[in-house]
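Take a look at this single chain in structure tokens; it is the form predicted on its own.
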């Protein structure tokens, strides 16, 4: 491979590197689990890689509580997520990470990389969308702008990020207090991990002491051009008693989830199969 690398160690150096290369062709590298295979398939002439691996900034590298919620730095690895005590209360995220690739890859693959790759099949991206997470974007002038992850993905492998921006962190807002949590990640594929999902469903639903659903977040992957937050399905559940849902309620919920699916047929599965599987797993969680 033939490319030039810049390795900033401070945020100031990083911002300067972004400014200095605005007129050139550059990409960011962190865990390199996606970038290296891409470059092996098609080398980009004159490419400059801004290497983030040596960056020393806790906003990028740490997971910590704040007044707004739990912040996950973009350079946090999947292994870091699994070992963090604050994130254990989100089974949807933990299960998504556990379904992600191999143990070895999880130790270098980053949360920011999974988000910025913008794959419609992104496991961790799907979980974070279900949790109502917000992206925190660093601009070359040092300012931060925030974009809900529901608006972060604009198409297959495209995001709202501009050339003078990069993802610094993602915020999971504080959740409402709950008596019970129904939370998980279902991935349908040929194998449990090391496999791109044929269809996936991330869900995080909470109830009060009477079983009334007080919050609901669900998202789907691999069934549209982007990860989709299934808003009408979530709204349908609010106010209902989790323990008194009828078969009709469960089927209506699944029907609402399917409104956000527009799957394709490819070598791995047909559009019909993806539709049917998604409906079945959506109904099954309730």
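Residue numbers count along the first chain shown, from 1. Everything quoted here is computed from the prediction, not taken from an experiment.
Heads up, the form predicted together with a small molecule isn't pictured, but that's what we're talking about next.
Chemist: Is it the case in the predicted bound form that 150, 170 and 261 each bring at least one heavy atom within 4.5 Å of the small molecule?
Modeler: Checked in the predicted bound form: no contact with the small molecule for any of the three.
Chemist: Considering only heavy atoms, tell me if residue 90 and the small molecule come within 4.5 Å of each other in the predicted bound form.
Modeler: Taking the distances in the predicted bound form, the answer for residue 90 is no, it never comes within 4.5 Å of the small molecule.
Chemist: Against the small molecule in the predicted bound form, would residue 132 count as a contact residue? Criterion: heavy atoms within 4.5 Å.
Modeler: Although the small molecule is absent here, residue 132 would stay clear of it in the predicted bound form, with no heavy atoms inside 4.5 Å.
Chemist: Whether residue 27 contacts the small molecule in the predicted bound form should be assessed with a 4.5 Å heavy atom distance threshold; does it?
Modeler: Yes, residue 27 sits close enough to the small molecule in the predicted bound form that at least one of its heavy atoms falls within 4.5 Å.
Chemist: Could you tell me if residue 35 has a non-hydrogen atom within 4.5 Å of the small molecule in the predicted bound form?
Modeler: Heavy-atom contact with the small molecule at 4.5 Å: present for residue 35.
Chemist: Picking from 107-115, 175-183, 82-90, 212-220, which part of the chain touches the small molecule in the predicted bound form when contact means heavy atoms within 4.5 Å?
Modeler: Only one stretch passes the 4.5 Å heavy-atom test: 107-115.
Chemist: Could you spot which one of 70, 52, 254, 237 gets a heavy atom to within 4.5 Å of the small molecule in the predicted bound form?
Modeler: Comparing distances to the small molecule in the predicted bound form, the residue within 4.5 Å is 52.
Chemist: Counting non-hydrogen atoms within 4.5 angstroms of the small molecule in the predicted bound form, say which of 160, 139, 101, 188 makes the cut.
Modeler: After the contact test, the surviving option is 101.
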